[in-house]
Structures are given as structure tokens and as C-alpha cells.
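As a starting point, one isolated chain is supplied in C-alpha cells, in the form predicted on its own.
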């Protein structure tokens, strides 16, 4: 099948790319564009060319099938150059999205027309690379340096209207795109080509101080990432060098990105996030239940945040509280969230009222009778949750899905208090629920396939990455977090101070260290949890010093004092002499000769604990894939995506080395916590990897 065909419209050649589903730039498309351009150049009856696409979108990027093997000639930069070098005007007709290489094709064209609903973007930075077919050179020339920095460094989709203001699109239409493109092509025959690559940039305006200031402005967002700096350097080259030299610099830069481990890690995350929705035993034929109305029990921070996700997707919500004051307070917080968004110009005042109109508050379970999905978001106490589900069982209509937002508890036990355990599962949202992308979808023993399938689809609809987990204490994320936190606490009691542990893990790429995170969450939560546990079930040496801190009424950031001190109104942690004294005393009480560890040792110990527990979770079938675990940790717990998640990170280390280090820790610290996962042992001895394990299970 020819993926690029030509139709003659009078003296205009209409090239049509048809490579479903997204017109990716496969080899046949690249070759077809080169061949058709050559044919148009040789045909004297053709005076201009229009490049258009069939289906729902313009060229939406590279062919991801070529990521592993690499593309073959003609290569995309040569295709773009072929288009730009045409002596006859070439017009791009853009609908849907023109992304990555698709936008670079459009930039190679001499003029661009777009539907008003279209979007453009250069998202390569999200894959650890940069636009490598002239995007970093041509986009600043036509759209402006500031706009190019914004688009290329964020990788975001830019709406056609904004792109038109920037100059990247010449004309916007609301309908009849092809006709409009042909009309423009006819208009510009006498003008001839207007080559983006021949445009110039005022170098005096964009001097070294300008770029240094820009680097400083994004330093927090890009901390630890390799590709953003290479993107900036390429845009600097566009300012200072002629096109040919700039393109050469771009090619060298993308080569550096391709061989950097971050590109492999970020591409792993790209595919992993698309893999999570593929659930064994569920396919397109699996029935789904309609979700037209949702009930939320609890209007606190979590309940309100969960409700916002559904309302934002246009799904009405009934939210239940036991007292009117709590209900009013919860809905007031929601309104405040929307009003802050409106104050930033992202939505209008009318939008705020429309969104709030989708909320219904109630104090009666009876008002949940017409809901298709009901999510419980009450206190993390099993007795309370069982009472809620017993009540729901009496009022929810047949076929309604009943979900618990528990972070740790046994979803099977919760399901068993109902007469319909097949309708019950866990939907574990992360705080703040209206912001965090991760949603753990917890399948209980009796959860029906159509319930699971419905919630996997629903996660996408509300803008979440839904990862399916089996039932165990803490599911995937919090079960692993316990091991990470334990080792951090042990490092402290054995010789390091909290700020040293936090700095080591922050420098590794975590958004904050574990002690800062504990202060933010509230130290009293873990304290109360431990008071309800048998001391034999957790590592007391890692937490007794924290319990003493809490008993000094230091509960964390919310009271201005926890593991760290905080100035009034500040969130910046400062080392506390009182806490350091407590740590020293507890070490002495335990007979520990304090020996500080290096940053590398601190990081290795915490990350190996994550990997080992992840391997246990995978071996037990709690997670379907190692890559699912990576998605959980990157999106819910701040593991740096440029390291690919803990399981990918382990593969990069080599599982034989990981296994050897964990065995050494078992010998050094005892095997209570460091017994190697049996799956890790098996894969290491076989010379295999978690990625290979995923591939075998998928086949």
C-alpha cells in the first residue's frame, strides 16, 4: 500500500499521507514524500504543492516501531530538507496534531494552514532526546526564541491559535482545510517559497545573559535531566549559526542524547505508561459498565480532590458527609481550587460555576442510590470502612461499582461485608488527588472482569495513569515505600543525620528526601499506626527515634516542627539540635557506634530495598509487570523518570550485581529485611532482566 499518494487539483499537487492510525513517519511515508516531491518538481504543470493527511490527524510523530531498530534512509532530516529546497511553494494542511517529526515536516514546508482545533508540538525532550530534523533550528526562526524555548523545553502541545500568534501557522480555518490550503497555495505561486531555514534571528537581543537567565528560570523543573540543556544549546546555535552549521550542531547533540542512559530510561517510561492498560484476561470484547454519575463518601481533602477528577471530565458527583459543616467546608475547598485556577486565566468564572453545578452535597446514603460508581474516602480504619460498605450494600443499585480509596487495607476483607464482592475493588488515589497522575486500581479476589475493565478505562477518562495491583498490605507503592523509609531511618540511627540522608536522595533525583517527606505528611500518622502494631512486625530501630520526636509534640510541618525546625510561615526545613540530640541518645541506648555513610552508600541502600521488594511484588503476581512498578514509582513517589523507575534502574545496574549487593546486605545487616527475592535470584542466575521477564510474560 502506498502511504503517500498524489492528486492534481488544477495546477496544485495535493499529497495525501495515509498511514493509520496517526500517520506516523514510517519508512514508507518518508520515502513516499521524497518520491512525490521529486515528481512534483519534475512536472511543469504543477506550480505548488499541498501536504495533507488522511484520517484524524496530521503526522503525529515518529514511528515508535523504529525506536528499537533505528530508521533507514531516507532519514527525516533529508526529507525535511528536500521539502524546504523545493522551488515550488509547499503548503502544509494541519489538522489534529502535528507533533515531533510531523511538525518538522510542516516547518520544512513554506507555508502552513491549520484547523482551529489543531495542535502542534515538539515533545522529544520527554523521551530524553531533542527535535533532530531541524526543529531546534527552524522553530526559533519562525516562532521566536522565547516561544521555541517554551515549546521545546516543555514538550507541550501548543494550540493552533497560539501558534498562529507566534507566526508558526500562517492561516487558521474552521472548516474545509484542504480547500483553504489549495487556495493559499495558489496565492503564493507568484511569491514563491518562503523558507523557514533562511529566516534570521536578532542575535543581539538573545545574548549569553538571556540564555543564562532562562536556564536559571527552569533549573528547578529540569534538575537532573540531560536533554533540556542540549535543547537550549541547540536553540543558542540557531541564534548564532547559519542553518547548515546549526543543523550539524543539532545532529551532534541528538547523537549525545541517544547514547545517554536517560533516553533509554525515558523511552522505557513512555512505553511502560502505555502498557499498564493491557490487562491479562481483559480485551476490547470484555463488557464495560456505564459510569454516568459518581458518589464520593467523604468531603475532606482526599474526597474533594477525587470528586474534582470526575467533575473535570464532565461526570456529575454526589458527595456525602456526616455533618453539614464538614460538607460545606469540603465544597468550599473545591470551589477555592477552581477559583485559583480561574485567577490564573486557565478557566473562566463561568467555568467555575458550571463545574460547581456538577456537585451535589448530601448527608444521606439514600442519595447515592442512582450512582454508577461510589468511592469511599473516609478514615483509614477498617471498622469504619466496613460500616460504610455495609451501608452502601443496602442503598447502591444493582451493578454499581463500589470502591475503597484505602492506601493499605485488605480490599478482600472490605468486599466480604457486602453481598456483591464482585462489584468491589480499590481505587487508591494519591494526594493531592486532583493533581497526582497515579491511580492504583486494586483488584480483589472476587472483582469481576467488567468492573476492572471499566475502571481501567475510567482512569484514562479522568486523566490518570491507572496501574492494576493485587491485594497486599500497601499494594505496590506503599509496600515498597515502607522498605525505603526503613533503610533511611536505619542510616540515621547508625550514623548519618536526617539532612544528610535527605540530601543524598535529593541529589539522586528524588523531589525531596524521606525525612522531609515524612514531615510534610505528618509524623503522627506513622506514630499512631505503629502504636496499633506489634513491635515485632516492624524495625523499631528505624522508628523509635521518630516516635520520641513526635512525643515532643513535633508532628511535622503542619505544627512548624518535626524532624526539622521550620520558621513561621516557611516550608524550608532546618536541622534541629533537639532532634539530633534524640538521635544520638537513641544510638547510644542501642549500643551503636555511629558511622556516617557516603551519599552513594545511602542511595544504594534505599534503592536496593525498593528493588528487592519490587521483585517480591512481581514474583507474587501483585504487579503484572516490572514496568508497572516503575510507572507507580515515577508517578506516585517521585522516583526520577530519567532513571526509568527502580526496576529499570536495576536492569541498568545488571541483576547479577544487584543480587550480589543484596546478598551482601543480608550478610551485613541480617536477612530479616534483606532476604533476596526469589525472582531476583532466579533472573540474576539466568543472566536475565526484569525487562526480559516482562517480554516473556507478554508473549
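All figures in this text were calculated on a predicted structure; none of them were measured in a lab. Positions refer to the first chain, counted from 1.
Not on display, but discussed next: the form predicted together with a small molecule.
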Using a 4.5 Å heavy atom cut-off, indicate which stretch of 165-173, 402-410, 248-256, 512-520 touches the small molecule in the predicted bound form. 402-410
Exactly one residue in 431, 233, 552, 312 has a non-hydrogen atom within 4.5 Å of the small molecule in the predicted bound form; which is it? 431
Could you spot which one of 71, 300, 463, 495 gets a heavy atom to within 4.5 Å of the small molecule in the predicted bound form? 300
Report yes if any heavy atom of residue 378 sits within 4.5 Å of a heavy atom of the small molecule in the predicted bound form; otherwise report no. yes
Answer for residue 388 alone: is it within 4.5 Å of the small molecule in the predicted bound form, judged on heavy atom distances? yes
I'd like to know whether residue 365 contacts the small molecule in the predicted bound form, with contact meaning heavy atoms within 4.5 angstroms. yes
With a 4.5 Å heavy atom cut-off, would you call residue 273 a contact of the small molecule in the predicted bound form? no
